[in-house]
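Before any questions on how it binds or moves, here is one chain, the form predicted alone, in structure tokens.
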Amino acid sequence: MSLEIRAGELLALVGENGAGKSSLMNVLYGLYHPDEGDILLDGQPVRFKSPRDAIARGIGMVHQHFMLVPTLTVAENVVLGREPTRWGRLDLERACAEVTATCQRFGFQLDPRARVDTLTVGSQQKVEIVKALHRGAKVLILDEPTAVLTPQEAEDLFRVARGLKEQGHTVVFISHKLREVLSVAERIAVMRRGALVAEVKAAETHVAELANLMVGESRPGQGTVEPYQPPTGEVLLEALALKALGEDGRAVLDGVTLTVHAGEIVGIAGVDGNGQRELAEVITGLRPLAEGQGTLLNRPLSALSPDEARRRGVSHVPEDRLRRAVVKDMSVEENMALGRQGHPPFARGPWLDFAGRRERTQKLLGAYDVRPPDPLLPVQALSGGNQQKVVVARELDSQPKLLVVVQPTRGLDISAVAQVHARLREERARGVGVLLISLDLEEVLTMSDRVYVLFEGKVTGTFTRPEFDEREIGRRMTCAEPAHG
């Protein structure tokens, strides 16, 4: 694998999950060491023993999974490892002033005194970018940088990237979002199975050509959108005036009322941090109800635990797979059995069925094209997109009655996105109710039969598919107006 990165350019690196994009950049950043070959920086060979060496030479990387200390403030995270001191102790005032100056220079709105674990995922992404820039990065590598950002935040990031280029910085985007890549990059490098297969100028290509280069075949279709039919299946979830509190005691859900019927996909649209995650946690038993009532699969929604939700027939693809969905040190097949380890084919009576677990796992790895298809590999050895495939495969394989999916295609390439969308439609066709929560409005509108819009923990609009209006839904995502429809 050989790649040339030029000074002062916006370069995109695209490819399927497991193509080697992140691995290549991890070599450049000093996290991985090459077995063969050389890294040339300004024409001179270099060998990075660690990220510290790469940072010292002006290379910064923002990872797909953030590397922040959640209990520290924004300023403390940004200056970590190069803290300003006074009398031998951290000079917090100076740290805040320095970080504020960096934020202002690059156009970020962040409170340097806010604890990272109180920030939305999108804001945490910004902290990672500010941290790299604060340390003097001249080459900034962004691994799936917009996977958790709203369209407005993504556009802000692109503005920052263009500004960095004007100042002589180099920005490398690792991304699966081809339209996004075409809008921001000047040059696009395409990887497939660990090798560079093409380099093209963004102005001279298009989405279909890039997709073809990535997967070696025509882009998967989006599937046929069936005519809208009002829901007639039984009510699987009925929520009435739900209220839930955040860690600070403030209401994060404030009077939410919604229903999900069997055989329909209900989408939740909203800017990140407006109660979507908390809604999923209430329905899956991860967060208690403060007020309100409802039924989940014909039984009360109150006093629900994750184990009880699963027993009733709820499957959950969470927003944060590493925190909520997998045990990264365990093997792929052990993760595939999580939550079902006491039932066939993963168990036989009171005993674990190792042969049955292996057989089912290998079948699912093939069906979902997980790469490499090795059931004994620790799940942390997989790329982020292949980890997501493992989670989606496990949750859909459990034959749920209600499927709660949050950001189900985050980090997936175009083939995998089309595959997951097809699987969700299959679940709907067999009578499963699907609650789809995504920050990608295009995904919500493509997949959903009905959409609820959340703003500041309240429902500000409900729409059926014939009523979908992207501009109106976008407006409801940013202002609290009474629900209609």
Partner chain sequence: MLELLEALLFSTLDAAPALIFAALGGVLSERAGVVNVGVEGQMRAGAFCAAVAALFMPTPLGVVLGMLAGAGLAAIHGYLSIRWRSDQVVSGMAINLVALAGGTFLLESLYSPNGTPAIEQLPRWTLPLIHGVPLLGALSEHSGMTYLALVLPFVFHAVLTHTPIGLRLRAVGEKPHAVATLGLSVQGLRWGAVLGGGLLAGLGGAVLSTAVLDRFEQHTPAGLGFMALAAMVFGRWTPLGAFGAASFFAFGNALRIGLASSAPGILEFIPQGFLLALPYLLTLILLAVQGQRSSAPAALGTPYEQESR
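The structure presented is a predicted model; accordingly, all values stated were derived computationally and were not measured. Numbering follows the first chain given and starts at 1.
There is also a form predicted in complex with the partner chain; it is not shown, and the following applies to it.
The partner chain in the model of the complex comes within 4.5 Å of no heavy atom belonging to Asp111. Contact between Gly88 and the partner chain in the model of the complex is found at the 4.5 Å heavy atom cutoff. Taking the partner from the other structure, the partner chain in the model of the complex has a heavy atom within 4.5 Å of a heavy atom of Leu72. Shown alone here, Pro51 lies within 4.5 Å of the partner chain in the model of the complex, counting heavy atoms only. Partner contacts here mean any heavy atom within 4.5 Å of the partner chain in the model of the complex, and among 412-420, 445-453, 432-440, 30-38 they occur only in 30-38. Gly81 is the sole member of Pro230, Gly233, Gly81, Pro372 with a non-hydrogen atom lying within 4.5 angstroms of the partner chain in the model of the complex. Screening Thr146, Ser383, Asn77, Asn274 for any heavy atom within 4.5 Å of the partner chain in the model of the complex leaves a single hit, Asn77.
Of the residues in 107-146, those that come within 4.5 Å of the partner chain in the model of the complex through at least one heavy atom are, in sequence order, Lys131, Arg135. Relative to this form, the distance between the C-alpha atoms of His65 and Ser315 is increased by at least 3 angstroms in the model of the complex. A decrease of at least 3 Å in the separation of the C-alpha atoms of Gln124 and Arg471 is found in the model of the complex, compared with the displayed form.
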